[in-house]
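Next up: a single chain in structure tokens, the form predicted alone.
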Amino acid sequence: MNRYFKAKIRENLPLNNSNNLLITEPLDPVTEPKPGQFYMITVGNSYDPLLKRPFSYLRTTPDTIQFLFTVRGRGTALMKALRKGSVVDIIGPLGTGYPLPGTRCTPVVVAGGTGIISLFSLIETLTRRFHVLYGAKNRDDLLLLHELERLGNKLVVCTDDCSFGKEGMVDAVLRELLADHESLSTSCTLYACGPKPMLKAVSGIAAERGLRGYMSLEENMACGFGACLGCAVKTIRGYQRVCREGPVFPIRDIVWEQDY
């Protein structure tokens, strides 16, 4: 099935000053996405900016694909201005998704900031008890809290400034969880998405304890399907493209050489 399609904007709802929920209605047949995959979306009605922007999908319904996006620059500012009824070009789903955990594994989801958007479709897919550790700079940066609480799993929230939940970084919360539940060291599968310093810290914890898991990386992309090589990252298998071989990689595959 062709992964290029047009979609009508059904709603573009502001959630707060920085984040919008974009509900799109595909006008062509589409492929069902897997949790962790992403889409390239035209953000305006002109050729400036020329390039589409990559977005993880939040969820799908029988007739919609929904995205939660944060306004960070000109492209997302144009996207915020998209009106109900307008039509955009979309390519996707693209990339690899999160492999589901084995039957005897307990999923531990570790999200930092907007990384929760990529992980949310996975969380809604999981059918067993699991842990969600979610950190952000402050209360205003936390997304989907009510949705996460509704799902009724073991949710721990932390903020850098202690404006909501526990004080501190989410990797420290992961260390506490593993210390309090020794059985997780042999039975958990980690899933992580967030800022690079957080992912690097989670990778370090996984390496120390021999934990298995997967993380989704975020990189700037020009094409989204592997042609431009602009999103390549170093792995134990050599350089790989976040858009094609990723964005989800086994945690142990990522080579962290840079300082973040």
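Residues carry their position along the shown sequence, with the first being 1. Being a predicted model, the structure only gives us computed values, none of them experimental.
As for the form predicted in complex with a small molecule, it is not shown, yet the points below apply to it.
Colleague: Within 4.5 Å of the small molecule in the predicted complex: all of 98, 125 and 189, by heavy atom?
Modeller: Verified in the predicted complex; spot residues all out of contact, no.
Colleague: Considering non-hydrogen atoms and a 4.5 Å limit, which listed residue (72, 104, 83, 129) is close to the small molecule in the predicted complex?
Modeller: Here the answer is residue option 72.
Colleague: May I ask you to state whether residue 31 is within 4.5 Å of the small molecule in the predicted complex, using heavy atom distances?
Modeller: So residue 31 does not count as contacting the small molecule.
Colleague: Is there a non-hydrogen atom of residue 61 within 4.5 angstroms of a non-hydrogen atom of the small molecule in the predicted complex?
Modeller: Because no heavy atom of residue 61 falls inside 4.5 Å of the small molecule in the predicted complex, the answer is no.
Colleague: Does the 4.5 Å heavy atom contact test between residue 158 and the small molecule in the predicted complex come out positive?
Modeller: Result no; residue 158 lies far from the small molecule in the predicted complex.
Colleague: Give a yes/no on whether residue 117 approaches the small molecule to within 4.5 Å in the predicted complex, heavy atoms considered.
Modeller: Flag for residue 117 set to yes.
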